[in-house]
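Next up: a single chain in structure tokens, the form predicted on its own.
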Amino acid sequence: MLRSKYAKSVYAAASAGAPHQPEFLQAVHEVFESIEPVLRQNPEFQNQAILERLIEPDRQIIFRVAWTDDRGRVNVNRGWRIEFNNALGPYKGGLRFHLSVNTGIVKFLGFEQIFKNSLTGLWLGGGKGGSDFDPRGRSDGEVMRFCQSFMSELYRHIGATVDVPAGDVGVGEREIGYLFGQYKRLTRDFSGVLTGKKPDFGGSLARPEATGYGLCYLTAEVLRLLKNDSFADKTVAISGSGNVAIFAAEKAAELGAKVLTMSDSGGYIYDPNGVHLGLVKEIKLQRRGRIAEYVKNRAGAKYVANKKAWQVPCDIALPCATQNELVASDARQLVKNGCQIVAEGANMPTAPDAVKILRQNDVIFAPAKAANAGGVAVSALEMAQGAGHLAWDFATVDARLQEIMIDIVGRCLDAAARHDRHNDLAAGANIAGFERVARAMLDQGIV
């Protein structure tokens, strides 16, 4: 519940202006609720309309994407790029290709990205984009033609010091490669305008692993500081089976845990012997198949259709699939089964009522804007390598990623403690992320 009159009035205006954008409003409310003590202590934020300016994107770009499929039929999709706030640096955030993409989803993702990027301590603004195009089941040729059409409009709005998109759901190295090729064709400019490229032409080692690895580095630091504990001998439930989930599972296993579950939109697998990542990578990364195929080649594992993995007892839960996937009933089940920590690998995967239940039962909750910041952190490192025409080795990038994630934990806990929200990582993440952006906005005037 919002108590600040200022926050309440700005949120009411946002609700009136975007009544059909529930994810965006959810993200705004969550931030506003956390930063109320900051607003009380800093009346200049209200005087300079920081909240009003913060929730209104700098610009929203919506465009038609026409492309031809393998049968010669013309298809039409919609593309988005929302450049939200560049107080801390060029707009930075991924492109999502998925049927669920709409203006509200992109605004929610872009708004969250502002604070996520702020928490890294790097010079990054916040933005997001994508399309309602679904690459699943499409040939390489179809994906290429779509990406070329998409970039034929997007290229006008991006640049290495202006707006630097990356990948997200449905946009991996293949899609980034096609997008970059078309950008280069149109502009004759070989620069770091897109991150997530293959290392052979300007990408960074450790980028595919970054979000999943970073999630585990942050979780490990939280366990160390708040529980005097670690991943060693813990059981882990993971949702999703894309890059974030796969590399979170890989790093959790390296740190001594046993990963029991992974999932996709059809259901989840449970492997009491620990998920075999080589098999998952072969199914999901090489063949782009379905997670149900796992049990055909893994004795003792089972597949549960149309269910979520949160009913499996675990010490650590890492939701890595999509927004609002972990709801109140899931939270109750995790509590009942003795889960110690929920750390978000996806963007806002835990519904507000589920977060409340976790907090009431002393389950540590690490929000996405802190926990999954590893992807954008290594994207920034890719930008630095590109600007210097350098290529760092995997160990160098991975070590820097770990440092950034550990620093994020410190920023969150410090901000929470300064405002009497001790050990509240979600409040601390919102406060620390907001304070840095708000100060920069004040310093740069009314723009």
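The numbering used is simple: start at 1 and walk along the sequence shown. Just so it is clear, the model here is predicted, and its values are computed rather than measured.
Although it is not shown, the form predicted in complex with a small molecule is what the next lines describe.
Checking Gly130, Pro367, Gly375, Gly203 for any heavy atom within 4.5 Å of the small molecule in the model of the complex turns up a single hit: Gly375. Residue-level contacts in the model of the complex: of Val143, Ala166, Val280, Ile341, one residue has a heavy atom within 4.5 Å of the small molecule, and it is Ala166.
Interface membership of Gln113, defined by any non-hydrogen atom within 4.5 Å of the small molecule in the model of the complex, is confirmed. The small molecule is not shown here, but in the model of the complex it comes within 4.5 Å of a heavy atom of Ser379. Proximity of Thr195 to the small molecule in the model of the complex: non-hydrogen atoms within 4.5 Å are present. By the criterion of a heavy atom within 4.5 Å, Thr350 is excluded from the residues contacting the small molecule in the model of the complex. With the small molecule left out of view, the stretch that reaches within 4.5 Å of it through heavy atoms in the model of the complex is, among 225-233, 93-101, 352-360, 333-341, 93-101.
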